[in-house]
Structures are given as C-alpha cells and as structure tokens.
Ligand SMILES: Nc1nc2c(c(=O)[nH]1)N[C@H]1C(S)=C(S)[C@@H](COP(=O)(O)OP(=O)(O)OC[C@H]3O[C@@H](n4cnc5c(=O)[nH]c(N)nc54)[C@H](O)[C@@H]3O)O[C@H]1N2
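Encoded as structure tokens, the following chain is the form predicted on its own, with no partner shown.
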C-alpha cells in the first residue's frame, strides 16, 4: 500500500511536525494542529504542543479542555501494560502486570466458559461514544460475528438516544444538525432548550454570538441561569422535566392565533389534526402551573419564534435541544414536541431555520450509526429488518440467521449483569459507568456480580479499578481513524506520536481476541497501521443504502491535507422532501407527563445534573489534567440562598443530598442562578460526591434514555468545610 502525504503520521517511529487532527472531546471535533518537540533540544513538557486549527464547527477555537488535551499523553497514570488480578476471581486482590498473550488468553477462556455454561448472551459488550467509527464498527461486529451475542450497547444511549428516536420518527433520519452549523448565522431567533454550550462546548458560543451580532435573538430554556443563559437575550426558567409542557404551550399559542405555516403543514407534513386537538389542552395558564413559567412569557416566546418563521417574512428560527430536555423518561416526546413546533412553523429545510440536536460525545453520532446500539446494524439499519440483516451479513460473509436479534439497552444491560438470566462476562471499552450510569451504586453492585469484567482504557478509571482484566489502549494522538461530528461531517483523526510501549489500539485488541475465538479472518490483525483504513472501507460497504450511508465518503477525501471532513448525506437536509415513505414529516400529538419520581413530603426538592467547563463526562481523563483540576477540583451542590437558609446551610458547608436511590455529599455553593426549588450537581466525579448515586433508573419507553435531569431529593447540612474555593474563581 502506498503511503500518502496525509498518512505519513501513521509510519511507526516517525514524529512529524504539524499533524492536522481534531480535539478528542466533544462532538464539535474542533480542529487542532499537533507539533512534536524534539526532546534533544531540552524543550519543556508536554512533548506534544497543541494549536487551534480552522474547522467548520470550531472556527479556529479551542476550550481549555482542548488546549490541555496533550497533557494526558505522557501522564504518569497512563496504563502501559495489561493487568490481571493476582488471585483470579478475587477483586480484593491486587493487580499484577501481565503479557498481552496471557491477558487475552484469560479473556477468551472466560468468554468460552460463560457461553458454554449459559449461552451466547452470557457475554456482553459495552462501548463508549468517544470511540472512532472504525472501533465502534469493529466492536459491534465482534459482538455479532465472533461472540454472536445480542447483548451490546454503548454509553451514547445516555446521551442523544431520545433526540435520535424522535428525529427518526418525525423526520425519517437522525443527524444531530441536519444543516451546517454555520447556517445559524443569519437566523432571526435561536432557541436553545436544555443546552449550556458555554461550558459544554465553548467554541460553539462563537456561532451563538454571531447570531446576536447579526441582529438575531438568542433564547435559552434552562432551570439554571447558566453562563449560556446569562449571555442570552431571553432566559426562560422552567421546572426540571417540564420542557414538553412548555413546548406544547408554544404550539397552543401558534395554532390558536393562526401563526402556523398552513401551506407547509398541508404539503409537507401529516398528523396536524391530532396535534391541534392535543395542543388545545395546553393553554398558557395551565402551562404556567405545570412549568412555573408565567403565562405571559409563554405567549411572548411563541410570538417571538413565530415572527421569525419564513411564513411571517422572518429571517428564520432554529430550535436546538440538548441533554437538559432529552435526559428524561419523557425525552423522546419532548423532542417530538420541539420538532412539531418547528414543522408547524415551516422551518426544516428552509435557510437559517429548522430543528437540530447538539450532540455531546465526540463520536456519539458515529457510534450508533455503525452498530454499537442493541437494536442497530451498521448504516443505522434496524437489526430486526430482514433486508438489513441480509445486506450486513453479506458484507461480513456470514449467514443472516446467525446474527442475533436486538438485545438490552445500556442501563438494562448493566442492571442484568451477574443475574441468572443476564450476562456473566462484560467487555467494556472506553466507558466509566461506575460514575456515569444512573443509580450508579446499584450498577457498581451489578458489575461486582459478574464472573469476569474486562475493561480497556487509557487510565485506571473507577470502572477499571473493579475489573478482573484491564487492557491499556492508545489515545487519540497515537492512532488513526475517523469521527463523525454533530453536523454529520466525517473527519480524520491522525496519529502524531507513538503510544507508550505496551499499549495497543482497540482494533488490535479486538483482532487478537477474535483470533482466539476462531473469527480472526474477519478482523485485520496483521495490517497495522493500515487497519483503520481497511475497517473504514468495510464500514462503507456495510452502510451502503442505510439511513446513514457512508459509501460515498472516501478515506482519501476525508484524509486530504486541509480537509474539513465530508458530510454523509446532504449537508442541508429536507430541502425538497423528508426521507420518509411518502416524503412528508410526521407530526406527533404528545402529552405532558409528570416525573416518574416526583417531589413529596420526604423528598421535597428537585435535583438536576450537568457539566462544568473544565471537566468532561465521567472525568476519567480531565480529572488527571492539573490545569483542569485547578479550575474544577471537586463536586459541589448549587443551592439558592433562600433554600439554603431554610436548611441552615452556609456557603462551603458539606451538604448531604439524599434521593430514593442513594446519598451524595459535597460542599454547598450558594447562588441565585438556580431556582429556589431546585439544586444542581455536576456528574464528573465519583466517590462521596457522585451525583449519579442519586439519579433514578426510570427509562424513556422509546429510547431507553434514563432520567438523569430530574430527581426528587432532600437536603441537610452535614458539616462546615473550611477554605472552600470561591465559586467565581472556578467559573
């Protein structure tokens, strides 16, 4: 195979200067250039230097997580050799170093023993939303071909699954943004529902500010006055879990006052009469009782958004949902209500208008597109569709009948671990559910009940620490591959440096394991460093004709010097028709539902969870970067001063938060930016301050998304904490 200029970084031992790649964190996938210092010059660490690079979504910007990303490459806590328990089966025994052959032999033996004794589904696979497209595809293929298990899912189920389910049902396709992010500039009004990009993806705020600079209005719907809400023109502050009622109130006003785009609705949608009947029940005064948002605000917001719809001669309106609206047991219906509003106003497919979702994880989009969800095959195909099974089986060279059917969703899979009818062995790649899963204490207990837990990771995460086998993998700057951004761009991740001796790429790990399970010919074990390209080419064939069709996305085009990636599908969707059977979008008459576990006398307050600027996801990586730890050193509980006074809580006091599922303790931060009936905790930390010790296992009936964002709790002052860092210093 010829090595091109774009591939030079993949040559073993070579350390090129100026390697164009992308940030390892969120789905903006901001562009960056990595330069490698020559150690003989005496230059200080880190050896790899990061500079921002122009990209479609990042606009040449990086947040502090991106700027500091290279600090982890040579971190002393990097895993550098496989680890096994000194006493097999005893997780109280210490880890001891192992060779790769020994470790993979142990894993393969455990898999065979479990499947012989308990059947194929006794082995499960759990992936992460930060894996490259090639890794996600290969991991899903390993589950279906080598293991022949239905038990495979990924932590992206915790991220965007409700928005995905709603978009598929209403619009016929799931893509975070069905238009380029730069199309936001020029819109008349941008509505961010449950989104805080100022902390979760700061470079995105350049697009938000551009909307305002061009004369547009930015609206943020959030129970907290986040930095994003503070920068907005309008902040609407509903109760956690009530966004659907608010959206139905907006629909009521639009339809009652004749503000809809009647021609668009008649020609491009179906289901309007059922929607009208449902929306009539959500007059603004009722919505005020359900959401806490004054009736006048409901009417004003509806008229503001409608005034910018094309039918009203406006410049356009864009509605974007994110985790605050989606991570509920009603998340799918909430997103359907947002899409209903966009369709009734005639927004999708119009310039500077439409509905979209701000994808969170770096490759949450690509992971579900290529087979990491329990019910999907590559190309976003349904695993229950005979034609889809036949196509993918043909690419894989197996009998379609040998492919398993749909398995358990992410939380249900974790909950089943170690049970008589559940998985006995779990292979977990790039995820940390001991911190990130709902009802996390219970999930920890289920992992402890497994016969064998195998974790591949970069560092000793909280989940790796309770495993039987830990396998060290390469990092983003040590490997090649592709990622899919929130706007459906397939971008290239390039290798800049060699990994530490003893680490292997996930593709090498999967190939070695498949070989031991008798499926080695299905995985490119001997083709490294060309394996990512080979896997990508197979992925293209497997996805051809599917909802997420990558067959036209060539590796060379994605990898070209200066490339900003290639969209799968049209960059601007829905211009002429929707990808449904009749070309029309489907309106859904949804109904507001109360929280599964609402407040009562014992648990009178609502907890909502989220992120902070300096940390990312479960924090396994960012909590090891000194500059980020200085900015955000530990968990905390945001409490309104009025609520704090009622409980005798002072700023910095240790607060005990108790739900129906667990207890967490963290210092109090008194702030008027949160509602008086709501408290907030970030979810990046384990230990006593683990927010997900509290969150319930209630699941959305369609997407199986857990209800992370609303949980009934009680508060009490545990003890004062001296020397609490001023909140302003860590903002």
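Positions refer to the first chain, counted from 1. Remember, predicted model here, so these are calculated numbers, not experimental data.
The form predicted in complex with the named molecule exists for this protein as well; it is not shown, and the discussion that follows is about that form.
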property	result
Exercise: residue 71 in contact with the named molecule in the model of the complex, heavy atom 4.5 Å	no
is_contact(residue 550, the named molecule) in the model of the complex, heavy atom dist at most 4.5 Å	no
Non-hydrogen atom contact residue 118 with the named molecule in the model of the complex at 4.5 angstroms	no
Residue 328: touches the named molecule in the model of the complex, heavy atom cutoff 4.5 angstroms	yes
Partner-facing stretch of 495 to 503, 369 to 377, 167 to 175, 427 to 435, counted where any non-hydrogen atom is within 4.5 angstroms of the named molecule in the model of the complex	427 to 435
Candidate from 149, 635, 609, 187 lying within 4.5 Å of the named molecule in the model of the complex - any heavy atom	609
Of 318, 143, 469, 221, the one that lies within 4.5 Å of the named molecule in the model of the complex (heavy atoms)	221
Residues within stretch 699 to 716 having a non-hydrogen atom within 4.5 Å of the named molecule in the model of the complex	708, 709
